[in-house]
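We give structure tokens for two forms of one protein chain below, kept apart as structure 1 and structure 2.
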Structure 1
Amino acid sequence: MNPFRRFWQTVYRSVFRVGIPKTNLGRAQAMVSSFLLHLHPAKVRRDSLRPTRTFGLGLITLYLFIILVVSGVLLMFHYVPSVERAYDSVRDLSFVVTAGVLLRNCHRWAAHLMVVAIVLHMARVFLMGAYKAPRQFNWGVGVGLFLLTLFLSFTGYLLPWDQLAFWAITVGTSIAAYAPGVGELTRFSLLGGNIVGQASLLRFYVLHVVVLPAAAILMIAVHLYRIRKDGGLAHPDEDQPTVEEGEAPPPQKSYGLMALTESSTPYVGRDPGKEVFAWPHLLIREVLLFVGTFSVVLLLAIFFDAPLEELANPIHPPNPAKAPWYFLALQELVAHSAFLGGVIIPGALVLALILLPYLDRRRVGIGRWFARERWLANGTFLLVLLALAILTVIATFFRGPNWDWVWPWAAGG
């Protein structure tokens, strides 16, 4: 054998323990021996590969987070967290930095899409009853990741330091101040004072690029670990009473993929005839989903620019000043009752989401879309989502100066 070829094979084998698999044994070994692929099982259920099973919402959310991290690191090379230079450094992305405007647009759209994707992902988990035992703790981790996503987007909102960002953060932090006892302290801690200024910009920047991403990565790691340990994706075979009614069944050996990909399922009584190897059936779907996700972000970035208004002016507030779109429902509620809309309702919703799997212990409707046995729970959840969506639409299009009601089609007249 050629010495160079032998040397290359030695180097290759030191990095990749298994090459391109050509046999079933090789396909199984490739999944187990790879640092990245070992998060997958060697085999998955055929029916778990159907797109309508989970729509890949968890994996889409993960891909968007990766896009945000990569684009955010690149943006950090050009951004200066100073009230004197922040606006100019963002504007330079459009006129000075090569492909800077595309990079900023990708980051902006990925952030918005991640908020939407994680909401849909949580809705999917809820509507399939996949939060029940033994996945209660991991559902709580998912709720924490949802809140982290909102805070990540919120802290990044201020960084352009334009009128839109300045007054959106002013309104958003004002909503936080309504919490009794700790509200004003929370607002003061976020802003580094009583007004949005240099201390606020620096704190939001550190939170956005260091603290919150580190927390998100840690929680994602815990989320993936617990998914494998808790048995993977919920399946209708789990929809059965346990030995002691109401008690969680023992975790099964996971033949499913991590929860964020949600492409496989554990089940009772394995039938090898219903399984396929993860290589290549699962991996090719993951690659195609990443290509699709990135393509959507790229197309949006090409055709729709991220907004950048004039330089922030603390003495000329817009009327009305609105919070970021994902907090507009809260702003609409606060407009009717500050304490009820800013504290009681959001606090009750978050607490209900965390406690839900510990209160709903019936082994029915697991792993099935819109199970009839769970019509009340699913209906209530959908009504809450619909109400929040309606409030967001009202605050976006039907609120004018002084938060008065306006008809958008009559605004021009």
Structure 2
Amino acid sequence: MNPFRRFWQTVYRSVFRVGIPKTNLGRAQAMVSSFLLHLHPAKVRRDSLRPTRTFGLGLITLYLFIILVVSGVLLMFHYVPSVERAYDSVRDLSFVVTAGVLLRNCHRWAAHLMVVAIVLHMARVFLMGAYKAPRQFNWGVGVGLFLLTLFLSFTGYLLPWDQLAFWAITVGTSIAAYAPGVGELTRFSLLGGNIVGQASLLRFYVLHVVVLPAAAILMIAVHLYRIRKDGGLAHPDEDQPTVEEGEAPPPQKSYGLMALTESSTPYVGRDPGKEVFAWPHLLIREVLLFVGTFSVVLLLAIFFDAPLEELANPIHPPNPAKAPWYFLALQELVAHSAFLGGVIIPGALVLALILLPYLDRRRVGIGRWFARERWLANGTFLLVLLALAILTVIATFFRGPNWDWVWPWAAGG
């Protein structure tokens, strides 16, 4: 072997301990000897890989987050968080920066898609009863990530300092002021004063580009770690109607050491036949899912431009002043009562979501879509989703100037 080749081999081996594996042992070693690959188990249930089990929603959400981080960092090279220059710097993306419009569109549509994906992911986990022990805590982490996604969206669309941004800050911080006790202080510290101005923009900028993403990255790490520690994806085998309520089985890996080899040794309930190696079965699916997700974002970004309203006018809001679609249900609620619709109902919903796995402790219907035994829980969840959807439709199509009721098919608009 010539010295160069040998040197190259040494460097390569120092980075990648295992080459492209050819044996099952190698496939297992490859998965556990690399930082990124070791996020995965060496083997996964064949069932868990079926598309209809998860539709890959959690992974899609993660991919969208990664796309958002990368495109967001690129946007930071152009954006100036100053009330004088923010709007122009965003407009420059469309007219001055090469591919700037694509960059901004990618960021915008990935953000919208992430809200969709994380809601669907949450619905999937709920409808499969996958939040039950031992996954209660990870469900809570997921609820936290859902809230972070909404806060990231909110702080994000404030930054262009257009009409939408200015009046969203005004209304959003006013809702916060309704929180009992700490409301006024929250509003004052979010705005950095009593009025919406430079201090407010800078604060929301720092929240958007550092504080919230850092919190999200940390919680995503915990979320992924706990998926593995809690035994991989929920599976019907975990149904244990005989087990006492609240008595969680000990967390277990999704595979045992015995299962790493294909032997004739019987291993009750965990026979090798039910599991496949993550390399390549899981990895190829993950790669394909990323390609698919990225393609959808790119296509949307190419064909649809992210909107930019007029420059912020601190005197008059637009009429009607509508929030982005994912906050329209909330806007419809606060249009009836700011305290009830802006504080009590959202607070109660979040609290119910976090407490849910500690209240619903029956170990039935785990890992199955729409388990009949869970009709009450699933029905309630779907009803709440339906109510939010109806509110969103009303706010989108049936609300005109001054938030008056209008018939969308009537003339004008």
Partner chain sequence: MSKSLPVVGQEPSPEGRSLKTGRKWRRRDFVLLVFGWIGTLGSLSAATLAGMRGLLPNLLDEPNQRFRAGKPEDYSDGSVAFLDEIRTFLIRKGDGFRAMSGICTHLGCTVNRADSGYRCPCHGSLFDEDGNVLSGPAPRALDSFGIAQARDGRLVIDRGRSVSPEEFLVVGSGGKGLEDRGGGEQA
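Quick note, the numbers are simply positions in structure 1, starting from 1. All figures in this text were calculated on a predicted structure; none of them were measured in a lab. Rigid core: the largest C-alpha set superposing within 1.5 Å between the two forms.
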Item checked: Pair member that is the form predicted in complex with its partner chain -> 2
Notebook entry, point to check: Rigid core fitted, then: does residue 181 show a CA shift of 2 angstroms or greater between structures 1 and 2?
Noted result: yes
Next item on the list: Please check if residue 295 moves between structures 1 and 2, taking a CA shift of 2 Å or more relative to the superposed core as movement.
Entry: no
Item checked: Rigid core superposition, residue 193 Cα moves 2 angstroms or more between structures 1 and 2 -> yes
